[in-house]
Ligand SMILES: Cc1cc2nc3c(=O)[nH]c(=O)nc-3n(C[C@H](O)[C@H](O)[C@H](O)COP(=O)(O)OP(=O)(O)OC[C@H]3O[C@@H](n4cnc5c(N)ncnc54)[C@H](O)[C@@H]3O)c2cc1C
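In the block that follows, a single chain appears as structure tokens, in the form predicted alone.
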Amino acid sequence: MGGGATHVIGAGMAGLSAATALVEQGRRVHVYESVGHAGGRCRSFHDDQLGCVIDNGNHLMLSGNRSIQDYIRRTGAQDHLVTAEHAAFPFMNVTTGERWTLDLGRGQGMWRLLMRRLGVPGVTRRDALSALRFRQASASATVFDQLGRTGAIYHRLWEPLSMAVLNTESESAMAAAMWPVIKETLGVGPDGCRPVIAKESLSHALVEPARGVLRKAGTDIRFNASLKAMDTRGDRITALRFNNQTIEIGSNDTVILALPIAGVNALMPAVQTPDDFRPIVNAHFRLPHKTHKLTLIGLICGEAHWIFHRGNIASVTVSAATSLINEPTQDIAERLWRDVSAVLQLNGGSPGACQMGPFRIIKEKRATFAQTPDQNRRRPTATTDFHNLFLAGDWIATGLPATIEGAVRSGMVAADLCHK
């Protein structure tokens, strides 16, 4: 749209993705954020109780997440992340104590997966073909409808994986929403499934490098700038009214709203959006000993779903945490600590064997929209009724679930639309 500027509202991952993509294309960009920090839900902060920097929440990234990989390249963040040498995921059944590793091996091509014994008890090479059931799912089928009767592979892979990706119970989560993820990771083969973990923190790995790229291009983020209204004329946005200033939008300028659903609802009530949500609970525990490894462990039959172990901090994620979200933080911590103690074998791993130290519980009541068939139909596209206004966020209809990969891709889509 000519040589105008783009105004990006929101400095979460979608907004940072859009802004850095536009800067790379040589565009003029202005970024506005309603609070005093960038990153949105993907941010880090120093916790005085734990005495270290922790992430607001955990985000599982894989080597096959092509939008994240492009974002990492664009922001020069490669040195702040560690990519596992091969695709291997340790699991533990907390009830039985059984441990195994889902080992996808190395290399490219789906055939490499089908030719491997995956290392999961009760799962055969033939069971790997059950992934194709996601491709065959109807728009109304749930994960349980589609795979709930596939036996061990459902309970030991598809159920925990779909919970992590969709943040929705498998009995109501949309099965077809899993296929784009599977196609871009498992479909590539083992080399598309290697875990990617931040060395220090998510802000250090994903937010600060992006801010550095923007500063170098002469783009700064205006913090504590809350958008209150937009002026319109015909099919154009003509002005942005913030809490502390009004920005006129030129005839060749474009605007990207990279806001959470609630923010767009307040500004554009006519836009249909998802209106049902699922929570996530994250817990961070300080451990008695440090590790030099970055470890990711999946849990079956536990309160926790995933444990990220880095340094002397164990970070726990509970997806679709409806049963926990309203519980007192002390009770949540004690329940999750039992899993951490057992999985990491602290003082032998017996319940209560290792006394719980300092902790932090973080509750996200509206972490993602409920990724059910009905809610998926409510996702809007990036385009709007205004020819110079576009939407970005993990809740936009990008063809991906509401994940960090979906957020980053939505920003790239919006950036591309700004100069078509």
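For clarity, every value in this text was computed on a predicted model and none was experimentally measured. Numbers follow the displayed sequence, beginning with 1.
Below, we refer to the form predicted together with the named molecule, which is not included among the displayed structures.
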**OP:** Give a yes or no for V207: in the predicted bound form, does one of its heavy atoms lie within 4.5 Å of a heavy atom belonging to the named molecule?
**Re:** no
**OP:** Find out whether any non-hydrogen atom of N58 is located within 4.5 angstroms of the named molecule in the predicted bound form, and reply yes or no.
**Re:** yes
Subject >> Interface membership of C42, the named molecule in the predicted bound form, 4.5 Å heavy atom rule >> reply: yes
Original post:
Is Y32 a contact residue for the named molecule in the predicted bound form, using a 4.5 Å heavy atom cut-off?
Top reply: yes
**OP:** Go through L50, A367, I361, C354 and name the one with a heavy atom inside 4.5 Å of the named molecule in the predicted bound form.
**Re:** A367
**OP:** Just give me the single entry in G105, P195, P260, G119 that has a non-hydrogen atom within 4.5 angstroms of the named molecule in the predicted bound form.
**Re:** P260
**OP:** Spell it out for me: taking the named molecule in the predicted bound form, does every residue among I9, A14 and L227 have a heavy atom no farther than 4.5 Å from it?
**Re:** yes
Original post:
Which single stretch, out of 69 to 77, 279 to 287, 323 to 331, 172 to 180, brings residue heavy atoms within 4.5 Å of the named molecule in the predicted bound form?
Top reply: 279 to 287
